[in-house]
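The chain below stands alone and is given as structure tokens, in the form predicted alone.
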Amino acid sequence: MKIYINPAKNKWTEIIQRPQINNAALKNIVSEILLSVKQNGDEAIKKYSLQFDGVELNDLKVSDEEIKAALLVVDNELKNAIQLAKENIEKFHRSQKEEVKIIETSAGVMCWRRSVAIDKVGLYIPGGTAPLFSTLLMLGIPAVLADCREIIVCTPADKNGKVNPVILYVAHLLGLKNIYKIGGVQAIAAMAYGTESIPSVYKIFGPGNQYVTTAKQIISSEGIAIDMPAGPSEVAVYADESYNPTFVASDLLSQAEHGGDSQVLLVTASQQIVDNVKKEIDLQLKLLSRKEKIEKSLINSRFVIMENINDAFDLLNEYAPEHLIIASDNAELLSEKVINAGSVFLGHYSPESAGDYASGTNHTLPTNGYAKAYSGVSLDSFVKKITFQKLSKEGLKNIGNAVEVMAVAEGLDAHKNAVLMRFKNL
């Protein structure tokens, strides 16, 4: 891990740099897979599943029997935890529903906006070393609340061709039936283009590694909507003298365990805080099952000592973290300085893992600095907002002349004529 002390602004670019791989080579690999699936459908899906996941698939869709079998192996304690998380996530996302508000902009001119569900959506649920059933809660719940007509789920199978049973349990709990045993770039391609077995969708959701993120960006440029460019996970922690070193270290480690391409950033006011947190990291790391992955991630970590608090938050806003933890007695006051972040965790008892699972907020968030312009997933992500207007005769009289004058000024006579024809009929 690198330590910076009161770095000058010309050093900030280096500090906020995320782990990278060869982008040109990455794009070429991903483009080849996308094209192959587009042209060859299920055949290409099965080929890449064998090549990358080591699984030979006959049927791509999860059967009803497989779902029933999965329900029997999930223990009751986990089911109860999932139920609590589901209720909180539903409560928070249901509150995001908007009532239709009809606004009379001029006498006789009525304007309003209505949220309409995206008809077909695809949910990508990472598998690999950590099958993220929690991501299915985060994506499936708002998709169901929004009333999306067709919800497709893609998640990789293990080498025996089986999907993680907890993912299937969550799918059953949410009433999701179209679940397919594919992951990686080939899953994004299947949902984007459609195959013999898998229907195409209008918008694709879900986090993934740099290959999945690149695939989403490529299909987005082709006109298929995506939630955001969500890549490897990251956390930034701001800690002042009121911090608890044990808590801060645990937060950094919890995010680092996602994988070797994850990143953690600590910004604080003193060398003593850095030293204490490093000691705690060493103590806790020895006891963690994903120690090797964490160690790889910590190579990409940054510890920054910034004595000036405004400079500290300027740096954090420039970093625009996916997750930001403010470990301070004054966390709510300090949060007013935050303008770029995916999700913010305030105080000493708000671990990032609470948001990952059960507080109610969504954990599908922008990474790699995209929090400067993107929001995390919400109910809004699953709807389109269509505007409506209705003009009475009085309304047209009130704004018609302005429309005609503006149309003439832009040289659009037919626009003027659309008003003029109606005036002649009044």
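Numbering starts at 1 and runs along the sequence shown. Computed from a prediction, not measured in an experiment: that's the story for all the values here.
Heads up, the form predicted together with another copy of the chain isn't pictured, but that's what we're talking about next.
Q: For another copy of the chain, considered in the predicted complex: do all three of Ser221, Glu410 and Asp413 come within 4.5 Å of it, counting heavy atoms only?
A: Yes, the whole trio is in contact, each within 4.5 Å by some heavy atom.
Q: Another copy of the chain isn't shown here, but in the predicted complex, which of 46 to 54, 31 to 39, 383 to 391, 62 to 70 has heavy atoms within 4.5 Å of it?
A: Correct option: 383 to 391.
Q: Taking another copy of the chain in the predicted complex as the reference, which of Glu196, Glu332, Asp282, Glu292 has a non-hydrogen atom within 4.5 Å?
A: For this set of options, the contacting one is Glu332.
Q: Out of Val344, Met228, Ile305, Cys148, which one falls within 4.5 Å of another copy of the chain in the predicted complex, going by heavy atoms?
A: Contact residue from the list: Val344.
Q: Is there any non-hydrogen atom of Ser350 lying within 4.5 Å of another copy of the chain in the predicted complex?
A: Looking in the predicted complex, residue contacts with another copy of the chain include Ser350, since a heavy atom lies within 4.5 Å.
Q: When the contact criterion is heavy atoms within 4.5 Å, does Val403 count as touching another copy of the chain in the predicted complex?
A: Flag for Val403 set to yes.
Q: With a cut-off of 4.5 Å between heavy atoms, is Thr105 one of the residues that contacts another copy of the chain in the predicted complex?
A: Contact with another copy of the chain, yes.
Q: Can you tell me whether Ala312 touches another copy of the chain? I mean in the predicted complex, with a 4.5 angstroms heavy atom cut-off.
A: Ala312: no, not in contact with another copy of the chain in the predicted complex.
Q: Heavy atom within 4.5 Å of another copy of the chain in the predicted complex: which residues of 230 to 265 qualify?
A: Residues within 4.5 Å: Asn244, Thr246, Phe247, Ser250, Asp251, Leu253, Ser254, Glu257, His258.
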